[in-house]
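The chain below stands alone and is given as structure tokens, in the form predicted alone.
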Amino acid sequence: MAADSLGPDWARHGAGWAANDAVFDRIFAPVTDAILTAADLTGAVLDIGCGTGTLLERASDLGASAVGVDISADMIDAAARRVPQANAVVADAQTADLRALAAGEGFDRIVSRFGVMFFPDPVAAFTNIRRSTAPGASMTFMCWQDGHRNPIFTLGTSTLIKALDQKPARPEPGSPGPVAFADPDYLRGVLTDAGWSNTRIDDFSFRADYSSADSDGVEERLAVILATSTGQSVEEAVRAKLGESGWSDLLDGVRESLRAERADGILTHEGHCWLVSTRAGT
């Protein structure tokens, strides 16, 4: 899964992300590879916030028995089509009986790509996830650092939200959302309180490349913006206020701002994350 500056409603807005899964897979390819390298996907694997099934597919290809959960039915439908050999389930990892999805035996590996930052009660969520583990299980996930360090939250989006009468407020530190775990000390405390130990939180930086062989990446970045709840909320407001022509003019303005950010003819930006590795306590 990817992030959203206004706080995504995954159950409602998952269709937009599912429709652009190829773009997300491309820009997050370095993140996916880093998780796979760190996680050693063997045995029974649970993907939290599995989205359209990127990690499920890779885990299955490695011979693991893969299960994915997500609260978005649209994304679970996409994951089930993409990885029919895996078990993709609509479920809330904070409250669901996850252990039952492993036939009561427990999971050996837990993974997530940007899928664990949205829990209303993260200690309760990670405690529930820990209950689903087998002895010696590990968890590996990627989460975002501070939003100011990540243009994915602002590139083009800042132009789009200028059309809003009321600008979105900056989320409180630690509140559910894409940068809930920007503070590594807070994150470590959450995991410790939830019964996880031997936690490592490593800096991970990458370059998100929106381009392809036949595109500079501008339209792909615009599609990503419009897939978020931010983009969808602005679209609804602008269409109601200014009509189709006003909405079209606004999109042209976003495209112009994105073209100005290209380097060597393509659109890329840096990403700054935490790569988290931890083990389930007894």
Ligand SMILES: C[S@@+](CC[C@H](N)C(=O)[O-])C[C@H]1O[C@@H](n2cnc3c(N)ncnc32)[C@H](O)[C@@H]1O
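Small disclaimer: the values here were computed from a predicted structure and weren't measured. All residue numbers refer to positions in the sequence shown, first residue = 1.
What follows is about the form predicted together with this ligand, which we do not show.
By the 4.5 Å heavy atom rule, the three marked residues 17, 71 and 93 all count as contacting this ligand in the predicted complex. Contact annotation: of the candidates 75, 139, 208, 191, the single residue with a non-hydrogen atom within 4.5 angstroms of this ligand in the predicted complex is 75.
With the partner left out here, this ligand still marks one of 44-52, 245-253, 216-224, 230-238 in the predicted complex; by a 4.5 Å heavy atom cut-off that stretch is 44-52. Although the partner is absent here, residue 115 lies within 4.5 Å of this ligand in the predicted complex, judged by heavy atoms.
By the criterion of a heavy atom within 4.5 Å, residue 204 is excluded from the residues contacting this ligand in the predicted complex. Looking at residue 153, you'd find every heavy atom of it more than 4.5 angstroms from this ligand in the predicted complex.
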